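Just one chain follows, in the form predicted on its own, and it is written as C-alpha cells.
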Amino acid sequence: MLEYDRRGLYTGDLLQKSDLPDQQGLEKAIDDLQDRFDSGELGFADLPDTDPEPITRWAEQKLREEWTDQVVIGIGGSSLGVRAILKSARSENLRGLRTHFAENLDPETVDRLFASLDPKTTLVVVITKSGTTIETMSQFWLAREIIEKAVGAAEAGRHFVAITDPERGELRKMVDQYGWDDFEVPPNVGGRFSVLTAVGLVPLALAGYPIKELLSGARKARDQSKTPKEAVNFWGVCAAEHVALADKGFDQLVMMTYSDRLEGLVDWFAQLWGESLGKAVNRKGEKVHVGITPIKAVGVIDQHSQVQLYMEGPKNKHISFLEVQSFDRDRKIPSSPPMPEALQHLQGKDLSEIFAAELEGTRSALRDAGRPTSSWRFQRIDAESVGAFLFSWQMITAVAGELLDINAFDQPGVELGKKIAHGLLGREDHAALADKVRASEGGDGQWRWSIK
C-alpha cells in the first residue's frame, strides 16, 4: 500500500545512528504523546476508528436530491485536506457533486466562482471551528446573500451545511437559530489534524469519495505501530531523523512529488509541518525559534528550476520524494517514425518508465552531491494509501514536536495576524493592535520606489 525508504539519509557522512536520540529518549517522547492521547487532550489518533456510516447515509440522501455542486468554504486545515484527497482521486470515479473551494479572498476569484454556479442547485459547506475566521465568514455571507436572492430566505436554509464546534462559536449560534444541517469538529482536534473528522469526511462523501477506505488506510497505519514500543520503530525514528538532520543544518524539507495527483498532499503536508513545528518558544518558555521549513516541488517540472539549487546551493535541504509504483494509466512513445538518433532510445518506452528514470536520476545525483534523500512509495494511488500517508505524517509531526520540546498543536504566530486584521477592519476589542500598525506606517518613506 505505502512504503517509506530512508536509506538516502545514511549515505556518506550525512547521518549516523549516534546522531539520533537514544532508545530511552525516543520512548519518552512517544510515552508523553500517548499520555496526551489517553487523557483526551489530543483526539486525532482515535479518528481512524470513526464510523463513516452516518455521514455516508446523510450524503447519499443529499445526492438523491437536486444538488449538482458544493462549495467548500474554509481555509487552511478546513480545506487543504479535502482538496488534496480529491486531487489524488480519478475524477471519473467520483459520482458525487462537483466540488469547488472558496479559500483565498482575491475578489476576482471569489466573483468568478459564484458567478459560475447555479445557486438553486448548489450546497454550501462552511467550515470554521471558531465561527470567526475572516476569510471563511466573509465568503459565507456572500454565498448566503446570493442563495437567498435566488430561492428566498425560507428555502435558503436547505442549501447550508455547517461544520463547527459542537457547543461554542458564532457559527454554532447560527446553526441553533436557523436549523441548518451541521456536523461537529471535535474540541480536542486542531484544524490541521482534522482531515479525518467531519471537516474532511462530509465534503468528501458529497463528492462521492470512498471515505470508508480512507479511514481504513489511516487505521492500518495507526494499528501497525499502535503501542509506544512499536511506534518507536517508525514514527519515532522517522521524526528523530528529521530533527537530527535539522540539527546538522538540513533544516529545510523538500517534498517532491513525481505524480500530479499527489501534488495536493504536498500542500497539505506543508501546512501541517510548518504550522506545527515553527515555534518561537519551547515548553519552558525559552526563546528557541525552531522549525523545519517545508518546500513544495513537482517532478519533473522542478528538475528544470529548483534542483540546480538543491544540487549546488547551500547544504541545508533534505529531499523527500513521493513516487508511484503503478499508475492507473500509461502511454507508450511511438516506435515510428524514427526519432533523432540521440533520442531513439526513448521509442517504445512507456511514459511511466521514462518518469521513473527521471526520478532515479535526480535522486542519485542528489545523493552523489551529499544531499539527504528519502522516499514515500505508493504502490498505487487509492483511498487507503492516501489515508495511511495522512495519518503517518500527523504522527511523525506530533512526535517531532515532542523531540523539539515545543507545542505542536497551537499557532500563536498566526493568531496575532488575525487579530490585527480584525482590528484594521473595525473590531473594537482589537483596535489597539490596529492603531499600532497605523502608527508605524509613517516613517521617512525611504522604502518606497515606483515606476511611472
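Residues carry their position along the shown sequence, with the first being 1. Fair warning: this is a prediction, and the values are worked out from it, not measured in the lab.
The same protein has a further form, the form predicted in complex with a small molecule, not shown here; the description that follows concerns it.
Novice: With the small molecule left out here, work out from 186-194, 351-359, 172-180, 294-302 which stretch has heavy atoms within 4.5 Å of it in the predicted bound form.
Specialist: Answer to the contact question: 186-194.
Novice: Which residue, Thr133, Thr99, Thr122, Ser88, has a heavy atom that falls within 4.5 Å of the small molecule in the predicted bound form?
Specialist: Selected residue: Thr133.
Novice: Which listed residue (Gln394, Gln411, Gln70, Ser385) meets the criterion of a heavy atom within 4.5 Å of the small molecule in the predicted bound form?
Specialist: Only one option qualifies, and that one is Gln411.
Novice: Please check if Glu275 has a heavy atom lying within 4.5 Å of any heavy atom of the small molecule in the predicted bound form.
Specialist: So Glu275 counts as contacting the small molecule.
Novice: Hey, in the predicted bound form, does Pro210 get a heavy atom within 4.5 angstroms of the small molecule?
Specialist: Outside the cut-off, so no.
Novice: How about Ile75 - does it come within 4.5 Å of the small molecule in the predicted bound form, if we only consider non-hydrogen atoms?
Specialist: Taking the distances in the predicted bound form, the answer for Ile75 is yes, it comes within 4.5 Å of the small molecule.
Novice: Counting only non-hydrogen atoms and a 4.5 angstroms cut-off, does Lys129 reach the small molecule in the predicted bound form?
Specialist: Yes.
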